[in-house]
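Read the single chain below, which is given as structure tokens and is the form predicted alone.
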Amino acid sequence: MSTNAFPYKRVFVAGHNGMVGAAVCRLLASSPNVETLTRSRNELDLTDEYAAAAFFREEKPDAVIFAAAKVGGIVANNSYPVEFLSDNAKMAIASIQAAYESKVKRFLFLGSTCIYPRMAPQPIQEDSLLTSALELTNEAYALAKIVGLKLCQYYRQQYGAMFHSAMPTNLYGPGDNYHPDHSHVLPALLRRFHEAKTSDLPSVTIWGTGTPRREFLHVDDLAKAIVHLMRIDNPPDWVNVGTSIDVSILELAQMVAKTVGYEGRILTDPTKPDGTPRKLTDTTLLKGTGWRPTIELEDGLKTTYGDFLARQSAGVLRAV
């Protein structure tokens, strides 16, 4: 990142301990003219509108990159829909309102491509939003993210605030969550195949049929896209961030097995839910502004596994 191109001096990165927030902080650290503000969940509860308002009033950030979220995979989303909807909606509403009241110049809200309908035409364009029903397995989370996205759009429309959103596809990379039940598909597979290798298990069974197709973006590519969008004078209200390349879950499992060196059998369990059949983003809008991803999935898997091993060895592997 160039040291003279980023237009904001005091930037609040909400969710800096998460995978996305940490990647953004690493990138912003390369620009000496930027002061990054961070708060842990224990220091600042963003679901509390009064606490959020007090923080923005006292710290007065110039810009906000909102990567804070309660996240998880299919199991977590199915098990805790109340928390996934209420916590994420509260954080978004409280923070966006507080940012406007404290005259923040720029607010970039991070969502997810799960906001789009289950059966959206592929690849998914931004105007597919709210055209049909959502995927039930992550509906609660998606609804909360739609609230944040639309609230940013409405503040921009009604008050002229430069609030906008980015919708990344499935993410992976350093600092991912490897919880056995609450993690997303790629880190879950990486951990399972690693454990199968170390335990010399003859086979690994993956959820579902293995046929759904997913797109994966390295978190460092997302961080670069976020900074790129923050530099644009008139960005879209919301924009997809992805690679526009997908693989089946079975193909992903095979790639992960190869990465970790697991040589046993890979089985499928069709009794478990598949989720959305396909979720591939159309990134024409973002690419039209000059951004491109740079990290191939095979290369990203290798560095991510290296990070997994290093964190496990150090006793700091995230599994929450």
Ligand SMILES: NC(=O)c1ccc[n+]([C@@H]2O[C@H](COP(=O)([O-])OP(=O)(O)OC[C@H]3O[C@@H](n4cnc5c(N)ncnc54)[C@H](OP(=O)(O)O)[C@@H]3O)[C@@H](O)[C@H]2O)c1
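Position 1 is the first residue in the sequence shown; the rest follow in order. None of these values were measured; they are calculated from a predicted model.
There is another form of the same protein, the form predicted in complex with the ligand; it is not shown, and what comes next is about it.
With the ligand omitted here, the record of contacts in the model of the complex names 64 to 72 of 272 to 280, 29 to 37, 64 to 72, 249 to 257, defined by a heavy atom within 4.5 Å.
In the model of the complex, no residue of the candidate spot (24, 231 and 289) has a heavy atom lying within 4.5 Å of the ligand. In terms of contact with the ligand in the model of the complex, the residue from 145, 224, 218, 192 that brings a heavy atom within 4.5 Å is 145. None of 112, 128, 102, 209 but one reaches within 4.5 angstroms of the ligand in the model of the complex through a heavy atom, and that residue is 112. The closest non-hydrogen atom of residue 303 lies beyond 4.5 Å of the ligand in the model of the complex.
At the 4.5 Å threshold, heavy atoms of residue 45 reach the ligand in the model of the complex.
Contact check for residue 297: every heavy atom lies farther than 4.5 Å from the ligand in the model of the complex.
Remark: residue 169 counts among the residues lining the ligand in the model of the complex, judged by a heavy atom distance of 4.5 Å or less.
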